[in-house]
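Below, in structure tokens: the form predicted alone, a single chain.
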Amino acid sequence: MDTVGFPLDFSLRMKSLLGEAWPAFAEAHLRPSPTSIRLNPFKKLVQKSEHIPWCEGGYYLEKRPAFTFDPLLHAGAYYVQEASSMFLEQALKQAADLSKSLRVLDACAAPGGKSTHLLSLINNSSLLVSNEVIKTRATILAENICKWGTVNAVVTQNDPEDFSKLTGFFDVVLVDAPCSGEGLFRKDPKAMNEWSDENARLCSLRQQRIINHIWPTLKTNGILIYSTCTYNPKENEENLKPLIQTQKAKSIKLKTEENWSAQENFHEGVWGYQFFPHRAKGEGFFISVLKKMEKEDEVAVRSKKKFQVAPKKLNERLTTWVTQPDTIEFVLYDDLIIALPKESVDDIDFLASNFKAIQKGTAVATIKHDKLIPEHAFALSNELNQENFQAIDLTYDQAIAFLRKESLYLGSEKSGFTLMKFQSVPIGWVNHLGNRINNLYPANWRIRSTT
């Protein structure tokens, strides 16, 4: 082990790579990891701390607060995310035409930082498929997508290999590949104990497998964004070289600013952008962008009409619930009403018929007899027409009690389903029954911690 705690083989490789910068790199790991957040542009939270220059909604915090006890985090008003990884924004803005309706795949998406970032950047007529193969992680991913409040996302739980049949389907694919985690040594010192050259080699093989399965899903001229949180060229540029050498892809050079502190590398035809903790205010991160040059036939989208469109009377009632009813299609899934973007209904139906789609669009309400019981996801939705619902703005203590799913006494004469807000941002529903209040916050989301 190195004096900082680095594994010996890692130290030797990084000393060779960094040269005179090695002492600064090692010293950076003795300093605290910076805390950063990315704002949800749809929820209008104002942040006055230091701005992250490569991300429009990214900010550093002076110290790390108790995020668990911030109602605005639970409302999806921001996402706690490592600053260097927010450079994804530059890759997408510079390589893709965000004015177009795009089909986007986040192939290794949990816990959801990059998926929510993508949803902040693509337009409402685009569609994001956010995928995670591990069930427990897919559940967390779905929760974070739900909190972000956009209707144009589908969460799937599939192996990357399953997507290979979607030839030519996506305009943009992000592979934020599972890696050896060298860039997180400062943030997670335990990662150093788990690191080995052999583990890095196995990660490289896994990454190559993911790329090979995902590559056919890109359209001709489609964009692959590949990223890791490691420094190892074998997990980074080396994985992309074969696509360049066979002329299936062209590496895209990105424009950078000096104060971004991203190190630009050109390695055997591959442009890569590496963040180091001694150069940038963030952790280790690598990103590269490829454009697909080979001809790819596009899979035919065949909708099985799995979704039942809401009846006319129900649809008329629901149109008052949303701000842009002309863009929304309400469909029935058993007793659940789901809001889908009209332009993507056939695509979502196709995906739901061929993949394990655990979340589609936004759950709006459950039909119970002649009543509509609003879903928690809809309280967090950016499509929610807040003027259509009675609401109560909670104090901090009331909001924490609500998020713990405790009984509330609000001293209000209002009855019926009522929107709970904190600092004017919706955080969920209660059913006000006059003499008592039913807290409708999801039991599996409640705050359990006492400190």
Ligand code: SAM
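All figures in this text were calculated on a predicted structure; none of them were measured in a lab. In this text, residue numbers run from 1 along the sequence as written.
Keep in mind the form predicted in complex with the named molecule is missing from the figure; the text below concerns it.
> Can any non-hydrogen atom of residue 349 be found within 4.5 angstroms of the named molecule in the predicted bound form?
Although the named molecule is absent here, residue 349 would stay clear of it in the predicted bound form, with no heavy atoms inside 4.5 Å.
> May I ask you to check whether residue 160 falls inside a 4.5 Å heavy atom distance of the named molecule in the predicted bound form?
Yes - in the predicted bound form, heavy atoms of residue 160 and the named molecule come within 4.5 Å of each other.
> Any of the heavy atoms of residue 235 lying within 4.5 Å of the named molecule in the predicted bound form?
Looking in the predicted bound form, residue contacts with the named molecule do not include residue 235, since no heavy atom lies within 4.5 Å.
> Residue 113 versus the named molecule, in the predicted bound form: is there a non-hydrogen atom within 4.5 Å?
Judged by the heavy-atom cut-off of 4.5 Å, residue 113 is in contact with the named molecule in the predicted bound form.
> I need to confirm a contact call. Of 92, 287, 365, 177, which residue comes within 4.5 Å of the named molecule in the predicted bound form, counting heavy atoms only?
Contact with the named molecule in the predicted bound form is made by 177 alone.
> Among the candidate residues 301, 202, 134, 98, which is the single one with a non-hydrogen atom no more than 4.5 Å from the named molecule in the predicted bound form?
Comparing distances to the named molecule in the predicted bound form, the residue within 4.5 Å is 134.
> Taking 29, 31 and 83 as a possible spot, do all three reach the named molecule in the predicted bound form with a heavy atom inside 4.5 Å?
Not a single listed residue reaches the named molecule in the predicted bound form, so no.
> Mind telling me which stretch in 121-129, 134-142, 341-349, 320-328 gets its heavy atoms within 4.5 Å of the named molecule in the predicted bound form?
Contact-bearing stretch, as computed: 134-142.
> Determine the residues of 204-220 with a heavy atom within 4.5 Å of the named molecule in the predicted bound form and present them in sequence order; the list may be empty.
Contacts from 204-220: 206, 209, 210.
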